[in-house]
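Structure 1 and structure 2 below are two forms of the same protein chain, each written out on its own as structure tokens.
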Structure 1
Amino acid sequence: MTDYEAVIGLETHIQLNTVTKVFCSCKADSWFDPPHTNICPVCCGLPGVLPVLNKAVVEKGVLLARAMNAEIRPLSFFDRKNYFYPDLPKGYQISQFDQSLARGGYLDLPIPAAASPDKQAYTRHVTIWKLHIEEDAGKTKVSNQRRLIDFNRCGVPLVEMVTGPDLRTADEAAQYLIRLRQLLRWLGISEADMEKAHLRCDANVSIRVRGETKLNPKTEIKNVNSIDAVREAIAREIERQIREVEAGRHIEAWTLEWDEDSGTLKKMRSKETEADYRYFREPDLLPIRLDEGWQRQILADFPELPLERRARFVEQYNLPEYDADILTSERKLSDYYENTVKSYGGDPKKVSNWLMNDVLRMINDQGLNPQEMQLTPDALAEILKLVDAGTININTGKALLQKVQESGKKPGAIVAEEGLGLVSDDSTIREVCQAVLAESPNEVAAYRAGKVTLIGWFVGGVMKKMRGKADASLARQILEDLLNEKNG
């Protein structure tokens, strides 16, 4: 049987999270607003109006270009992309063509073992062919066999970014989108929510015999609104193309629509080429001149990127890759972890354990981001120090997390107010141990008969009587002495 491989390139449209649209002062994010409530003569393309460029759009585009290792052009132009569609009232889209904001770029994409065909992790080098600014068109919806148009999205600022044909599997495409979404949120330039169309993806898919280098005719998949849907749609299209070729038929360059409800692909139209759009320079907008001073200003606080920080966490803090991946999933969580490590001064892995197992659950349950927590990095570090010093035990420390979050008080103050400190007095614990043994004659007999695993049950009884404040290791030692003494 012939061994085929897929050749996949992704076209992503990224909605930038500016307050206003790219060429007018209408509100940019109108997902929850009624149709046609955020429009004006500019974004509706009425005669006699002139667009004015939103400076923040350029600045956010430069941040993304820098993160993707692209060359930022000091001079770029806007162009008119001409096509007719009901939700494009001007009859053209203001975009960039041959002299765009940035050129080239790449992303070294880590593919985890779970997404690898042979279950071995590797890195895929993904090139960037296009990165440019443009405006969005409106939204079309079919209802009761009628085509409904909403112009709210007209003029919403986008960055279109196109990869080279470098991805080879549906899982690789999904991993690219996961990392891109992470990067956009990390930079603070887009909410990257695919369900709200902040991040949209079209996939170009072709197949070839493994080992060949030529590019065969490709199809374009549109209308996918989640990463899982992108993965499934690409996988289905790869299977279809293999069936077609095996049956002796040719692949035609069609644009396909993904039907989420049925999980199937449908033909929309033949695929357009760039020549179909008759690009020419936008006469109503000046060129973008990105001098060195403006670039320095935009990039002055450029952050350490998530994949770089992930690698550093593994090396500097000796964390497993699993921990580092979760802790760098969001920038604010990553900062929270690192600030806790600095304040604590102890084992970074211990901080990771507490954060991933307990604090992250609180963050998710309460719908907060780490910066909104009353349980600050300093407070978490203080709890860890109290546990290390033997002032409180681990169970009390975990209970303190919620107490600090609810009250905003310092952990040490809560321990003092509520008398949560660990009891390490031998005589006090011995008295409670004797009471537990006296109340449990059957269990004592079973222990002395050889069921020594019951020691944990006895320790639990002591901890319960002392409301978790006993030194568990001392309680265990006293219980063993009492049980062995009586037995002898």
Structure 2
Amino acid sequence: MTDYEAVIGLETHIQLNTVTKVFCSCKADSWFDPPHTNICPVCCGLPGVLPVLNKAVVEKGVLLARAMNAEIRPLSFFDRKNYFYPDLPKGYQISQFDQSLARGGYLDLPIPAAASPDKQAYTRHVTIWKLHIEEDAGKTKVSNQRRLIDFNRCGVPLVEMVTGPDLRTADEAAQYLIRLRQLLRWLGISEADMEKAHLRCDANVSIRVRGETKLNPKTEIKNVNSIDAVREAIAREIERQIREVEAGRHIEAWTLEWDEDSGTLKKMRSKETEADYRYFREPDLLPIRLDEGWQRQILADFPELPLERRARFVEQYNLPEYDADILTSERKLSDYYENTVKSYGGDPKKVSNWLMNDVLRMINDQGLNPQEMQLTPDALAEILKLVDAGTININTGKALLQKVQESGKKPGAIVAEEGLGLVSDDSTIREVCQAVLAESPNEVAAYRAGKVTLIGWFVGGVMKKMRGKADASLARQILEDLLNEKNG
């Protein structure tokens, strides 16, 4: 059988998480609002209104452009994209056509072994063809042969970002979206929730015989609203195209719609005429002037990006890739980790273990924001130090996590207050040991008769009586002394 490879390009629409819409002062997010309650004359395209650009949209767009290694244009323009649709109140969308915010760009996408055909991790260089600002349209739903329109979403700021045909497998496409989502949240420019359509993806898919460089006719897959569905839909489409070609048929440039419920691709109605959007410069807006001063201001706090930080964690803290990946999954978490490491001063891997096993569970179970936790990096570091110093044991340390989180008190203070410190006073432990032995004559006899493994059971008894605060090794020592003493 011929060896085929897929050629995939992704068109993403990213809803920016600004407070307000791109050209009016309505709030951007109206997910929970009843229809037509978050509107104004501007976003409804009333006669005579004019758009006024939201500064934050440009700023967030610039952050993304920079993160994608794109060149930011000092002067960029808005254009009108003209077409009739009932959810587009002006009859044109304000977008950017030939002189958009940014130009070029790429992402070096790490493909983990698990997503690689030959189980070897590798990197895919994905180029960015288009990155521009535009406004969203409203929402349409069909009921009883009528269309119901809601303008709440009109004017929500979007960045459209289009990759070159650089992806080669459905898994690569999924990885791209995973990394993009991570990046958007990292930069704080989008909630990037695909289910809420903050991040939308259309995929262009074609196949060719491996080794060829030409591009064959492609199909476009629309209406996919999760990363898994994108992977699934692309995989299906690649299979279908191979089947078609193998059967000697041609691939036609169809638009396909992913049906989530049945997990199948359906052909969409063809457009009545191939659209001619008659783009022209939007005369109601002046060009965006990103002079050096403004650019510098926007990029002043530009963060280390997740993939960079991931590499650094491996390098600097000797973390396994697995740990580094999880700890850089989210910016606040990775800041938390790093602050703890600094405050602690000990083995970074130990911090990673505590964070990934226990703290992360707390965060996930209780929906906490790492930045706002009462269990601060300093507090976590203090607990680690208390354990290291033998002041408390590991179990007490882990129990302290929740106590600190709930009370906001310092770990040391809680240890003192609740007497959680390990009792290493010989006489106190000796008394308890004596009591335990006195209460268990049968076991003492058995021990003395040679069943020395019972020592663990006696230690357990002491610990139980002392609610875990006894220095276990000391207790064992005393118990052994007492048991052997009587014997001798």
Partner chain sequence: MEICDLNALELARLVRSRQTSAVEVVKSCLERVAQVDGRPGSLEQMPLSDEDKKRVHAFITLTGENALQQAEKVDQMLAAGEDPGVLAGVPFTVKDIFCVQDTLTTAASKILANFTAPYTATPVQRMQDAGAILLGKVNLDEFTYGSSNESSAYQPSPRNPWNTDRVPGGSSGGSAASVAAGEAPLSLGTDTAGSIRQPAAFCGVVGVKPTYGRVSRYGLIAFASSLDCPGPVARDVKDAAAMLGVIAGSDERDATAARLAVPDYLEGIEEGVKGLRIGLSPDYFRITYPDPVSGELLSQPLPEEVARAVTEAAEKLSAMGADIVEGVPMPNTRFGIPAYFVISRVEAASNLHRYDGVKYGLRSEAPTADLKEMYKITRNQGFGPQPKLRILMGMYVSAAQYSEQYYRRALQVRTLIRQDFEAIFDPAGAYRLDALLTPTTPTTAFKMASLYGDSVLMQYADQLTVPANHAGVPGISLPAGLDNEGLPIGIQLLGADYAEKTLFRAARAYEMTTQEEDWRKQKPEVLRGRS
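Keep in mind that what you see is a predicted model, and the values were worked out from it rather than measured. Residue numbering: structure 1 sequence, from 1. Under this definition, the rigid core comprises the largest set of C-alpha atoms superposing within 1.5 Å between the forms.
Both panels show the same chain in isolation, but it is structure 2 that comes from the form predicted together with the partner chain. After superposition on the rigid core, displacement of the C-alpha of L479 between structures 1 and 2 amounts to 2 Å or more. The Cα shift for V142 between structures 1 and 2, taken after rigid core superposition, is 2 angstroms or larger. For L53, the Cα coordinates differ by under 2 angstroms between structures 1 and 2 after the core has been superposed.
The two forms line up on their rigid core, and R448 then has its Cα shifted by 9.9 Å between structures 1 and 2.
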